[in-house]
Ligand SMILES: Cc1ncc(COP(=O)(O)O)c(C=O)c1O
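In structure tokens, the next block holds one chain alone, the form predicted alone.
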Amino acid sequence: MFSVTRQHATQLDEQDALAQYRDAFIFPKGKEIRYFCGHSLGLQAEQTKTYMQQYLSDWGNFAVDGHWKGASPWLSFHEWFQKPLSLLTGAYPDEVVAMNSLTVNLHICFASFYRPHRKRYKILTEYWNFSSDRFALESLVSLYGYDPKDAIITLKPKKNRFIVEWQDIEEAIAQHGSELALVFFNGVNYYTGQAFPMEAISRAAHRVGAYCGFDLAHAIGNITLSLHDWRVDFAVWCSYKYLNGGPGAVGGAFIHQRHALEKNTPRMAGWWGHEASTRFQLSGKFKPVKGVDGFQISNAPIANMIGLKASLELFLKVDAKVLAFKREHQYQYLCYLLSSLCTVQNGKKYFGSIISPQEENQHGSMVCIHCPGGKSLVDELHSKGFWVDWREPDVIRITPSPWFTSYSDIYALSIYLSKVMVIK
């Protein structure tokens, strides 16, 4: 299927149906940059500058009237995001909303779906949670008077393993089922690149009477999602990674229709979640908008949504299956080259090992290499124009993007690594 020749990389680039979109993004200035950090911050879409200038022009020309006038009136600006976000998450438009930031949305959803009662107060989650998720969980149970060490069950991989097996997740849910109020996992783990079986986890959680939610920071725009059909209760995400929304870009949330359309679902209420016709009448009882919009608290941060709009327009232009194919193809190509060119030879001490799953549907686009002491290597790669990143304590993360990574980029990185790195 693959070969280790430069000619093969060139041929793959010539056959790439998405090659034209590389020019739709802006690369860092300087010598040739091969950018593999889309898992941390996606590149800026070219159209962002035009939209930002239009926003500033409308603000200057219309002032407060910009809520109703201009190229994209601000009052309804958030509504544009419903279609692309519903396609990316496998949801209905009234189940998704662009709002706040990831961790703020996490707290908002926890307020709705963590409902401890007597013995059912525990949360099952993964051991390698990103710190912000861990902090949110710990503060959540503490607010209810529980000890995080007791109320939060963290599921570790088996000894000398990095991946949490589905069988272990299923067994843990069954074992603690009568105590569980919530099961909360990442869609894709930030440290290992493992994609969790979200549908299976959701079904298992519901079987024991628990709610189920996911952090999709490394999943949205990266793997195929079907949140509605999987009957996930809620999910949250950021937009600056695989969605290329810009640093600190607006986050998003999904709440399943069976909760979002139920006006009595507990929620943290705010004026922007109130029905639009009486939103500015600051009196009376809170009447939530139908769907996930009723979980909004504040009006949309327009300037913080412009980069995301520019990027999502590209997602609307391209068949999701074409994106998924290239994402998987480049992932496997990178793993193939690393395994072929950087393998242990002549008894050399290995310097790293690929810990991301290679089976289809068990990973996103991020290849994670366990490499103790490898921080200096990341610095060296950066100085040579290969932008990968280091995740403490000991992992190098490399992410080809179907939007702006060429096969020749992957080949060049692999050739360089073959000179300095040995992988077991």
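Start at 1 and count along the sequence shown; that's the residue number. Given the structure is predicted, the values throughout are model-derived calculations rather than measurements.
Although not depicted, the form predicted in complex with this ligand is the subject of the following passage.
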| Tell me which of 288-296, 214-222, 272-280, 319-327 has residues with heavy atoms within 4.5 angstroms of this ligand in the predicted complex? | 214-222
| Would residue 179 count as a contact of this ligand in the predicted complex, using a 4.5 angstroms cut-off between non-hydrogen atoms? | no
| said: Although the partner isn't part of this model, could you tell me whether residue 309 comes within 4.5 Å of this ligand in the predicted complex, counting any heavy atom of the residue? | reply: no
| query | If you check in the predicted complex, is residue 102 within 4.5 Å of this ligand, heavy atoms only? | reply | yes
| task | With heavy atoms only and a cut-off of 4.5 Å, decide whether residue 343 touches this ligand in the predicted complex. | result | no
| message | Under a 4.5 angstroms heavy atom criterion, identify the one residue in 146, 351, 336, 130 near this ligand in the predicted complex. | response | 130
| note | The listed residue (186, 192, 244, 202) that reaches within 4.5 Å of this ligand in the predicted complex by any heavy atom is 186
| query | For 325-362: residues with a non-hydrogen atom within 4.5 angstroms of this ligand in the predicted complex? | reply | none
